[in-house]
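As a starting point, one isolated chain is supplied in structure tokens, in the form predicted on its own.
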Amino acid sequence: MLSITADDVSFSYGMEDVLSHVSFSIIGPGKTVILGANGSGKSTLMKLIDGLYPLRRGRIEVNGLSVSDSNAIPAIRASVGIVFQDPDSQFVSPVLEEDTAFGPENLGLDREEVERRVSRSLELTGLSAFRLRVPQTLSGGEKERAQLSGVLALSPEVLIFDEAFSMLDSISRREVMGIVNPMRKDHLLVFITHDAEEAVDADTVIIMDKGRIIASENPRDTLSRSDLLRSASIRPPFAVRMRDALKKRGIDVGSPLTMEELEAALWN
């Protein structure tokens, strides 16, 4: 079963508490968004999930394996792929196909399997025609897809996106999400972000504030609570902000989360 569970997790940098008694359970496949402002602890939590930081207080399991078990870390990292915010810092080769092959080669796979994974990943991300390009010469959206290609070549079951789309324009973001969203059918997708718009189509939304989880529900019950979001320094989705503005004028449009829902409510 695809799953990430945390039980009473706390973490500190020196004397500074970053996470405090964090507990949750995510069951996949599907899409979960961990939503929080800068400094809320969400990226630290991601590093604990992948075993990048040592866990000293509490318990975290990924697909039933404990991150506190050093023998389980290789299997956890093989099943979890992370897409970061800055693709340029992740590229390790001057040629895209070689960069995509880096992960599978380090798994010790034979050349035929590596080539198969590279070709499949580049095809999935729409970059087959760019396989001989220098990654740094690609556009912002193409770089994000190139980074995703390298992660997909590892065939992970869990994909974590750590503020991965925050530097993209709206067009590039839609292109990348068009590739990523269909994967929720058979992968566990976890988006770590400060942008509530990325959470409107999630299966579960976890809201963090000052190192604690303050809500963990479906997006309609969570994101429609503009008071809760603002208390955590999170800007509500546009449709929710419009709902609040219209309500002040005596116009009730229900609880839309998306522009499509808002438009439908206004026209009906």
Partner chain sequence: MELRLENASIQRGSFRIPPVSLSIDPGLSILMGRSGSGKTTLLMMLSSLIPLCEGRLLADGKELQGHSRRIAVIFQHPERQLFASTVFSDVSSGLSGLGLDRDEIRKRTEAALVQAGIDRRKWTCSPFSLSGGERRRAAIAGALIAEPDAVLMDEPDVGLDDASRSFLSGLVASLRDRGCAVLMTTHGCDDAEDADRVMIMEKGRIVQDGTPDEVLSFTDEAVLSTRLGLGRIVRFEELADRIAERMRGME
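Numbering follows the first chain given and starts at 1. This is a predicted model, so every value here is computed, not measured.
Although not depicted, the form predicted in complex with the partner chain is the subject of the following passage.
Although the partner is absent from this view, R212 stays clear of the partner chain in the predicted complex, with no non-hydrogen atom inside 4.5 angstroms. Contact annotation for G126: none of its heavy atoms lies within 4.5 Å of the partner chain in the predicted complex.
Proximity of N38 to the partner chain in the predicted complex: non-hydrogen atoms within 4.5 Å are present.
In the predicted complex, the partner chain sits beyond 4.5 Å of every heavy atom of L55. In summary, among the residues L65, L228, M242, V200, the only one with a non-hydrogen atom within 4.5 Å of the partner chain in the predicted complex is M242. In sequence order, R235, F238, R241, M242, A245, L246, R249 are the residues of 235-250 having a heavy atom within 4.5 Å of the partner chain in the predicted complex; the partner itself is omitted from this view.
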